[in-house]
Ligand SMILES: Cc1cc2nc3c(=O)[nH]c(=O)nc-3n(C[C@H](O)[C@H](O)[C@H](O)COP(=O)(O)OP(=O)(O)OC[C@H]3O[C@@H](n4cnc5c(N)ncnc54)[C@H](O)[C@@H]3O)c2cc1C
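As structure tokens, one chain now follows by itself in the form predicted alone.
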Amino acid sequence: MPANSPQKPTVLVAGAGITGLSAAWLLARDGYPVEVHDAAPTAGGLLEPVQFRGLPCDRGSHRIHPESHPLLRELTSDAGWVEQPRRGRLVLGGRQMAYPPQVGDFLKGLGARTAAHMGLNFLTRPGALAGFKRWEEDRKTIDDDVGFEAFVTGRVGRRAYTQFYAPYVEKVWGLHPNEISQTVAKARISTASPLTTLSKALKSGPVPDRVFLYPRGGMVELIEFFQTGLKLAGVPIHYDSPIGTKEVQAWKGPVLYSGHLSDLVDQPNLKHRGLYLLHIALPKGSVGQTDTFYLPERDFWFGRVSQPARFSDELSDDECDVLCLEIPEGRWGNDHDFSEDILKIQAQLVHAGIIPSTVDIGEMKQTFVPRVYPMYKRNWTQYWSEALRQVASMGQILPIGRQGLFLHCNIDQCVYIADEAVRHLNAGGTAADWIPKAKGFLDLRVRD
């Protein structure tokens, strides 16, 4: 990295998660003096590991897709990336099928009658004769928020909405889908047109969405990589050092803010739902080769169940199989104790075909992760835009990343946003100029 230039101001980076650490790295590489502050006692944010049986387990099912933005892998090329085959399973209607879907397995898993009903419902949905142009139109506007229910039924039909999408929304937010913004649907349904999705599913052999990349030592390896690089560059990281409105306004230079946007401005409509993680131990050989199970239906409290050992051999326990169950806060609130529900959870795992009925859950660790899912209620972008205008009026503050911009996005996209912010500073951009760029990040598509 080049020596710090006296002409460049010292930049304050608020937050030591993947966004803040990568921003600090990029700034130092470009010759800026940098200070990093985080309210937590350790770095990592949502990538801080959960220690379970001596393993640094991720906070849920995290992975990097081959089509992800390449900057993250370029910056961390020495972090020990490995390529893994995707062995996901979608649990639906009492059956399991491959995920990402392949047409033959998908139709077989649904059953002929259900598949026929869903296909007919899709073809006869309102507006079907308009063709697939609407998928491109979805990418062009965030206004005229018709709501999640109307958006989804208009694109995929009532049957798919009822079976797939409505239970997911209710599970995550604990609200009726009509209260939720179409933004949630656009981030997933509009990723590709039906023809593109179908052509990908018909392919055989290795295709990009059937493999994933993963750091050998877990996602914490990325945090450790940036920490080591910043230490060598002489960049201080201050822990237990919260940065709020008072601190950023007192700072004399630029601020890249990756903390929560709602902590910086008074905007009560920008809220989140959290996530419960249950790491459990099972007898060795109980689960098989699946890396992640996806469970959208109401029968199951958990939305995803992942197996760390299938992401990396270094996350394998010699004595047992480890699973991570993700239970969205939804209707539970933020103080539920699932240790009292262990038999119900075990029964659900058996019902889903994830574990056999002959095994019992052994050790369990519960972790609650607050503020994971942005509460995208209808017309939320009005409050979001006002919040960014408030930030811009406070001085040279650029909110970045998942928390700073109230986004639901992937790890590589956080690094991409950090890079765009550093480029913005290098070009002499202001906080007011950053708002139009930030609006472009609302079109980022969530991959899983």
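From a predicted model like this one, the values you see are computed outputs, not experimental measurements. All residue numbers are counted from 1 along the displayed sequence.
The same protein also exists as the form predicted together with this ligand; that form is not shown, yet it is the one meant from here on.
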*237, 265, 372, 97: which sits within 4.5 Å of this ligand in the model of the complex by any heavy atom?*
372
_Can you work out which of 310, 279, 158, 260 has a heavy atom no more than 4.5 Å from this ligand in the model of the complex?_
260
*Should the three residues 16, 40 and 61 be counted as contacting this ligand in the model of the complex, with contact defined as a heavy atom within 4.5 Å for each?*
yes
*Among 400-408, 376-384, 49-57, 418-426, which stretch has residues whose heavy atoms lie within 4.5 Å of this ligand in the model of the complex?*
400-408
*Although this ligand is absent from this view, report whether residue 304 comes within 4.5 Å of it in the model of the complex, heavy atoms only.*
yes
*asked:* Taking any heavy atom pair closer than or equal to 4.5 Å as contact, tell me whether residue 241 reaches this ligand in the model of the complex.
replied: yes
*Flag residue 224 as yes or no: does it have a non-hydrogen atom within 4.5 angstroms of any non-hydrogen atom of this ligand in the model of the complex?*
no
*4.5 angstroms heavy atom contact with this ligand in the model of the complex for residue 30*: no
